[in-house]
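The data below hold one chain only, encoded as structure tokens and taken in the form predicted alone.
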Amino acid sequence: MIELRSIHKQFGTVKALQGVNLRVRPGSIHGIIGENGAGKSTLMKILTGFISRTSGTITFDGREISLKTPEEARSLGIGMLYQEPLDFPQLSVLDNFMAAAADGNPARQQQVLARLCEKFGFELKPKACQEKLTVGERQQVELMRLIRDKCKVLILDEPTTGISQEQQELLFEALKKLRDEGTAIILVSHKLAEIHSLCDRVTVLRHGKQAGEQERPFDEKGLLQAMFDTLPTKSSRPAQKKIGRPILRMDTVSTKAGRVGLHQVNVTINEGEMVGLAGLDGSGQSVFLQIAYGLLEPEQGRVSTPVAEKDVVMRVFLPADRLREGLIAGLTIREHHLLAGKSPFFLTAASGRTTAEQAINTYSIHGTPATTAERLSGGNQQRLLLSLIPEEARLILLEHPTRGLDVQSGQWTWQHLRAHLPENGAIVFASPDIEDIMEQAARVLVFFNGRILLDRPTDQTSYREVSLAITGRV
């Protein structure tokens, strides 16, 4: 058993955790839920030795431990599967699996990999390049590495974010097998359906404090009341804006970039549209967004903005990996706004402070102008990114805009995007959540193996039709 007693963590004047208690039994799955910024990630980082606690005690197998580094946690059998895969994309699956292995013999490690793949139903080729895998497959490699090292306490941070339904089912079956074999599993999630499906017990965090705890069967209304100051409401489909002129056109666009590339894509995005991109991870949505923004050039075909020459279309792209691709670790909220705006000729300590404070108030960012990007929770990083979108932006491209966000933060994100969409602009977003697309978008493009199999208004299609197209059946 692992037990945390009265855990406190303070960053300067910010009290991230205030007296949190947690007990996780071997052979159980324990859920940790709470809104963005509730302290979940901070608690898990303490448990994995990534950061130290301010006060409190941790006991493991009956003895008190002090975790100062991730290596110390790993040596005790505490491992974590992070939301963003921690791997070496340019290396092979086998090379990634062998990372930190006590036995560095490739032949023996390949046998171990094959044995674990067979046990859990994973299909991975040892020589395949890691960067060609889907997020779910990369996750499987990391999970097997932790299992190989005889992980006793397995922590998972939003493990189903960005993975397909099939990969989610494989993951759930693997977790149930590990639980039955005696592994203590901690599941950090915003999705109550996952909690109901997997967990034996759940702890709710709110504003850095323990707000509740339940045993199965769970009272969902009670969990939501413990998570939020006010209960989230189910949103209805927003009214569609008037469709205007074409703002982006792709004519027979093809490329070999990404996992499957793009093949003969013909699409026109119009002013006033909100378009959702559906498909299994790696089916072409990310490449589509990068070409639309201009990060990638098509190898064949043409991308154009068919508007008057004087009518410039400003494009903005918010990637899925907020910290590594969207923000700059080490820079503060103030410094991000200085970079994104029109900086004064001479910079002083006060430069950009007023703008940053306005953004913090307007976008409800839990931080100060001096808070660095990596110190923000995932939801607050997303709010910071949204605050950096210039008012003159007309084509807003987003990759998983609500990834890892709680219900309220997700609703706030959609409301903000709609409120700031100009009449002569458009929003295109990729999401693994079909419900998000059917609720928020007026039009859906379904990608399969680099091709668009379905392009239809969402009020003229169904969840089933979209699901079938995602798997290649139309």
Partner chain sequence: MEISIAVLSAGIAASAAPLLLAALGETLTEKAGIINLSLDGTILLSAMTGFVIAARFDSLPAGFAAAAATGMLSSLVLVIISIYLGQSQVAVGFALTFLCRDLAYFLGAPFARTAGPQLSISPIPLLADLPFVGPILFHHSLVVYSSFLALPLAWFFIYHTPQGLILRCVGENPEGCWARGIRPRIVQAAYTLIGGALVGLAGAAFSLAIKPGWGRPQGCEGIGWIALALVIFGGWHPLRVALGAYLFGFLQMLGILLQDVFPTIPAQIFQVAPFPLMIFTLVLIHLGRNSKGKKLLLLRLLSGNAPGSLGKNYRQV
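Quick caveat: nothing in here was measured; it's all calculated off a predicted structure. Residue numbers count along the first chain shown, from 1.
This protein has a second form, the form predicted in complex with its partner chain, left out of what is shown; the following refers to that one.
Enquirer: Although the partner isn't part of this model, could you tell me whether residue 145 comes within 4.5 Å of its partner chain in the predicted bound form, counting any heavy atom of the residue?
Expert: Yes, residue 145 lies within 4.5 Å of its partner chain in the predicted bound form.
Enquirer: Check whether residue 87 has any heavy atom within 4.5 Å of a heavy atom of its partner chain in the predicted bound form, and answer yes or no.
Expert: Flag for residue 87 set to yes.
Enquirer: Tell me, yes or no, whether residue 182 is in contact with its partner chain in the predicted bound form, where a contact means a heavy atom of each within 4.5 Å.
Expert: Result no; residue 182 lies far from its partner chain in the predicted bound form.
Enquirer: Is there any non-hydrogen atom of residue 70 lying within 4.5 Å of its partner chain in the predicted bound form?
Expert: Answer yes; at least one heavy atom of residue 70 falls within 4.5 Å of its partner chain in the predicted bound form.
Enquirer: Which single stretch, out of 113-121, 193-201, 94-102, 253-261, brings residue heavy atoms within 4.5 Å of its partner chain in the predicted bound form?
Expert: Selected range: 94-102.
Enquirer: So which of 44, 417, 51, 444 gets a non-hydrogen atom within 4.5 Å of its partner chain in the predicted bound form?
Expert: Answer to the contact question: 51.
Enquirer: Can you pick out, from 218, 172, 82, 363, the residue that has a heavy atom within 4.5 Å of its partner chain in the predicted bound form?
Expert: By the 4.5 Å heavy-atom cutoff, the listed residue in contact is 82.
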